[in-house]
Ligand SMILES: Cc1cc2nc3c(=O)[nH]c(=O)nc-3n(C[C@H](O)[C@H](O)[C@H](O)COP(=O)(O)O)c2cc1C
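Quick heads-up: it's one chain on its own, the form predicted on its own, in structure tokens.
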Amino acid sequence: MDPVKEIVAERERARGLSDPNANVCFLATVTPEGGATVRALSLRDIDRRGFGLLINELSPKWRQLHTGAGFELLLFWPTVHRQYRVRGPLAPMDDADLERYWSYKSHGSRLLELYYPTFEPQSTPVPSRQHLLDGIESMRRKFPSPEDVLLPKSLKGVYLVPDRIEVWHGEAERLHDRRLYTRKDRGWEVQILVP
């Protein structure tokens, strides 16, 4: 069985049930000091290339992804009782896909991506929330529609190419079905795990 195909099907099932997490994933990385850190991201796509993500290269998570310290992607869809932990290397997203995902972003989201290289990088402390809002408003006056905001060079698209996927099918009595899939030359090797 191909766990990626299962994930795609279960995501569609979660979307059909209006699961608020259907388009969300959680990325865990390691800080330079060795601490664990996790955050929610938009899950752009899942296909043969992997799990598509957009990340600003000025953000701490971008730097953490490239330290070699390790990272993991978590998908959790409570409406269908499914959780997936995904590991693997990163591959760059081609320009056409990056432009396509950019076209889906709202005006505010585009302005925020532009804010990072123009004013302060993501996660930088600012004097106040108003300081941030004033910067966004100044850009909104300069770029009054979404089409006016060009894709900044600092926004990168990547695919996490899975080579290890842990699957969790939740059960009411905690006798969860857990499986570990490891990519091999001709497909996936599966191991059953104790819940």
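What you see is a predicted model; the values in this text were computed from it and never measured. Each residue number is its position in the shown sequence, starting from 1.
The same protein also has a form predicted together with the ligand, omitted here; what follows describes it.
Participant: Using heavy atoms and a 4.5 Å limit, would one call S59 a contact residue for the ligand in the predicted complex?
Facilitator: Judged by the heavy-atom cut-off of 4.5 Å, S59 is in contact with the ligand in the predicted complex.
Participant: Given that the partner is absent here, does T79 sit within 4.5 Å of the ligand in the predicted complex, heavy atoms only?
Facilitator: T79: no, not in contact with the ligand in the predicted complex.
Participant: Even though the partner isn't displayed, in the predicted complex is V126 close enough to the ligand, meaning a heavy atom within 4.5 Å?
Facilitator: No, V126 is distant from the partner.
Participant: Does the 4.5 Å heavy atom contact test between T67 and the ligand in the predicted complex come out positive?
Facilitator: No, T67 is distant from the partner.
Participant: When the ligand is placed as it is in the predicted complex, which of 161-169, 139-147, 40-48, 126-134 ends up with heavy atoms within 4.5 Å of it?
Facilitator: Selected stretch: 40-48.
Participant: Decide yes or no: are V24, L54 and Q122 jointly within 4.5 Å of the ligand in the predicted complex, with each residue judged by its heavy atoms?
Facilitator: Spot residues vs the ligand: full contact, yes.
Participant: Enumerate the residues of 97-119 that have a non-hydrogen atom within 4.5 Å of the ligand in the predicted complex, in sequence order, or give none.
Facilitator: Residues within 4.5 Å: none.
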